[in-house]
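Next comes just one chain, in structure tokens: the form predicted on its own.
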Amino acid sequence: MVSRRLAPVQEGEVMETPQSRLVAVSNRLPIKLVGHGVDVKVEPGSGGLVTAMAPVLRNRGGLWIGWSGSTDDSTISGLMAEASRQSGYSLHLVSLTREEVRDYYYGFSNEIVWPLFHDLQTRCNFRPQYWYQYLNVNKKFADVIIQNTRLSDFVWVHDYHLMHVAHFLKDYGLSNRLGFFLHIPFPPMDIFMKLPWREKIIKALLDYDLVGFQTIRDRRHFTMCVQRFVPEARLHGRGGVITIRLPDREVRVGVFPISIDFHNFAEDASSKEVADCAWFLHEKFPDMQIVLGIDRLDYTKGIPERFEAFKTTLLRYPELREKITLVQVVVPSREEVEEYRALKGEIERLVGEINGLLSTSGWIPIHYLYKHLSRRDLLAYYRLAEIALVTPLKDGMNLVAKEYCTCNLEENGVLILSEFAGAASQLHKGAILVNPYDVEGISDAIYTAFHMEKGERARRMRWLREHIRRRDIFWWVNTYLKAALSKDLADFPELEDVSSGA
């Protein structure tokens, strides 16, 4: 058992029960490193988890434990205090070696779990050394958790990189309540069965007190695997949260669709700066409807399939030419991985092919941007687009869909959404759902969206925005905490003095 570092109690002193804190644990800290060597700087990170968790931890005395993204912590360690101050919550570093990053992160996490859980098992590389390094790194995370938490803290572990953390924390005798949330889909049992370490993963997840999923479908896949590999398990209850009863303990399993900070996005999107930027961008596309795609570079996002569908739209409905343009933003990701470089090459080839085939004087079908967007530019693109094309092959949730709707202040946009995105389970009433593999079906959806009457657009978008407003990021956290602790976010109040950030 690993002992915690506790301040000694002086004789005669009454020891008060410390306030409960939220402790977020994820593969990456919510920061990014900019520059090299002595010139390296720390800036706020981006991505779905950061978008979701930062408002929850900020100014509440919370902690975030994770890896910096670098294997050289000699420079980053001195910047952690300043990064914590800027974030409004304390950051604690898990150091990883090059070999650990290679086999745990690029190997097990992204060559096995990521493709397998997205139903793309042919892309998996089941190397045994990946598995052993995955266990080693999960243990390192458990060590840092033990060193930095109090008995009253709630430890909330995030995503597929860290499914085994609770297993090691239990070995250490940790008695804190432990929660886990899977941000990506959980695969059907026939696909999960291909994982050589399938039973160990299922049992490790059952070491958490609460396991959360994005959709009912994901939870159903998980419970079927539990019944297959843990025959003594018994399922009880119905609704959003059910209970798995084991001979020695109970585990709660729930559905908690993640969301965004609605009011923050809507307020920023309404700023003059964003409005001016959106107007400037739209001037480049006079008398045209803009179809917007924004995705991280990844083979699960269905970008080549989307381009084929857009080309099919222009071939099947030639009257839309010069009246519609696809603006596709691809955010760089994992550029050092050959498979991602090959995907980037395929995307660029398709853009050149389609534009070469269909462009006319003064009109280009696809405007392609491979870059990171500032927040101002991101919100401006959301505001200028009449149609959003969100068509991943499979996605845990997809917050782009929710961000687009939130920023559609005029309520004149149309959301075309893959039925295999987790967001479809919530947004299906207002969106046009499509099969991302069905290029003709997507082309029909684009045609329908283009011709959709103003009143119908407003009715759909008003419903979408109200749904997202009522089920925002704080609703997500409250729902999860109530299932885990019978508490909500109000039980973790903002601190009066947060100047130290620790």
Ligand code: GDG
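Here the structure is a predicted model, which means the values were calculated and not measured. Position 1 is the first residue in the sequence shown; the rest follow in order.
This protein has a second form, the form predicted together with GDP-alpha-D-glucose (GDG), left out of what is shown; the following refers to that one.
In the model of the complex, do H183, R375 and V400 all reach within 4.5 Å of GDP-alpha-D-glucose (GDG) through at least one heavy atom apiece?
The answer is yes; H183, R375 and V400 each reach GDP-alpha-D-glucose (GDG).
If contact means any heavy atom within 4.5 Å, which of 105-113, 129-137, 365-373, 308-316 contacts GDP-alpha-D-glucose (GDG) in the model of the complex?
Of the options, only 365-373 has residues within 4.5 Å of the partner.
Between V165, L326, A385, I258, only one gets a heavy atom within 4.5 angstroms of GDP-alpha-D-glucose (GDG) in the model of the complex; which residue is that?
That would be I258.
Identify which of K200, R296, R245, H282 has a heavy atom within 4.5 Å of GDP-alpha-D-glucose (GDG) in the model of the complex; exactly one of them does.
Exactly one listed residue reaches within 4.5 Å, namely R296.
If we define contact as a non-hydrogen atom of the residue within 4.5 angstroms of the partner, is G396 a contact of GDP-alpha-D-glucose (GDG) in the model of the complex?
Residue-level check for G396: yes, a contact with GDP-alpha-D-glucose (GDG).
Can you work out whether V331 and GDP-alpha-D-glucose (GDG) are in contact in the model of the complex, taking contact to mean some heavy atom pair no more than 4.5 Å apart?
Within the cut-off, so yes.
Would S418 count as touching GDP-alpha-D-glucose (GDG) in the model of the complex under a 4.5 Å heavy atom rule?
S418 lies outside the contact set for GDP-alpha-D-glucose (GDG).
Contact with GDP-alpha-D-glucose (GDG) in the model of the complex for H161, defined as at least one heavy atom pair within 4.5 Å: yes or no?
The answer is no: H161 has no heavy atom within 4.5 Å of GDP-alpha-D-glucose (GDG).
Which residues within 444-465 place at least one heavy atom within 4.5 Å of GDP-alpha-D-glucose (GDG) in the model of the complex?
Counting only heavy atoms within 4.5 Å of GDP-alpha-D-glucose (GDG) in the model of the complex, no residue of 444-465 makes contact.
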